[in-house]
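The chain below stands alone and is given as structure tokens, in the form predicted on its own.
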Amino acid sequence: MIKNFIDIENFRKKQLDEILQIAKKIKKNPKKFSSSLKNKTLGMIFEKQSLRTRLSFNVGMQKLGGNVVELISKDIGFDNKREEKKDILNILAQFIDCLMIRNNNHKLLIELSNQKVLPIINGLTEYSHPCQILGDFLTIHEIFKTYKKLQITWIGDYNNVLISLLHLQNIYLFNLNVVVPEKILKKNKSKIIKYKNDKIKLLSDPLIGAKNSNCIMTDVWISMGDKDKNKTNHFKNFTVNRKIINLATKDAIFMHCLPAKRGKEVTSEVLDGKNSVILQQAKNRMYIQQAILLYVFKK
């Protein structure tokens, strides 16, 4: 049976717990897993820029004993009509064992995964970023040991990272404040409301949202491919600064999936400060990616 990793909402809690446990085991004893994917090959297609996803999948696969080939979209005809995408995928399946795609077409990922000829992993689309959020959840597990009584607060845009965070919350039911500018919240309320439960609060004031939070998360205000360059006008007072951090609990952590626009969504003081766990967060991307790879390969 072909396993894919497209969206967190496609999984049950038990399956996600399994992936998280695998990641913890790999991090604790990497040598034990150094030949787990020997003779397996991961193909990677990046149609969007990438630093952390590229490194974490590439290095992570090699540390599991596997091989990696980066496929340039235009060179293999994946970005044009030279061949049907389904035909390209069928050919790739003759040479590689798994395909990670980072693109701006979530619908295409779903179509390819439905072919069931090769495991497909979502490395980021315009709709979601499941690897990032599951890696973030691994970091939260490490720092707080339990998530059940935590208050997590998102301060920023309604974007792909937030969607995956909402998917995760709907499964684990932790307390989540979603703090989005009022105009953006109104524009996307019909999309957000389907995830709403009694542990989610929708807010537009970062100062209210940050109060007594254990974890504050943010992201850039304008994502790659976002054509609304005037969107930043909505984010007045949304910069995560020391004032916002001071409203959180004493042991609160600050998370950012990176890259960050210093002085925009977050100040350098916070990004480089004692509450920031961005480097632990980035490194954990590799362990969660390795766990996802082992999960999709597991029969």
Ligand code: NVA
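We number the residues from 1 along the sequence you see. Given the structure is predicted, the values throughout are model-derived calculations rather than measurements.
Separately, the form predicted together with the ligand exists; it is not shown, and the next lines address it.
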Exercise. Which single stretch, out of 252 to 260, 35 to 43, 235 to 243, 59 to 67, brings residue heavy atoms within 4.5 Å of the ligand in the predicted complex?
Worked result: 252 to 260
Exercise. Counting only non-hydrogen atoms and a 4.5 angstroms cut-off, does Val179 reach the ligand in the predicted complex?
Worked result: no
Exercise. Could you tell me if Ile216 has a non-hydrogen atom within 4.5 Å of the ligand in the predicted complex?
Worked result: no
Problem set entry | Contact flag, Leu134 vs the ligand in the predicted complex, heavy atom cut 4.5 Å | no
Problem set entry | Non-hydrogen atom contact Leu168 with the ligand in the predicted complex at 4.5 angstroms | no
Problem set entry | The unique member of Ser113, Thr139, Gln151, Asn160 whose heavy atoms fall within 4.5 Å of the ligand in the predicted complex | Asn160
Exercise. Looking at Asn105, Ser73, Ser223, Asn175, which is the one with a non-hydrogen atom within 4.5 Å of the ligand in the predicted complex?
Worked result: Ser223
Exercise. For the stretch 129 to 154, which residues lie within 4.5 Å of the ligand in the predicted complex by non-hydrogen atom distance?
Worked result: His129
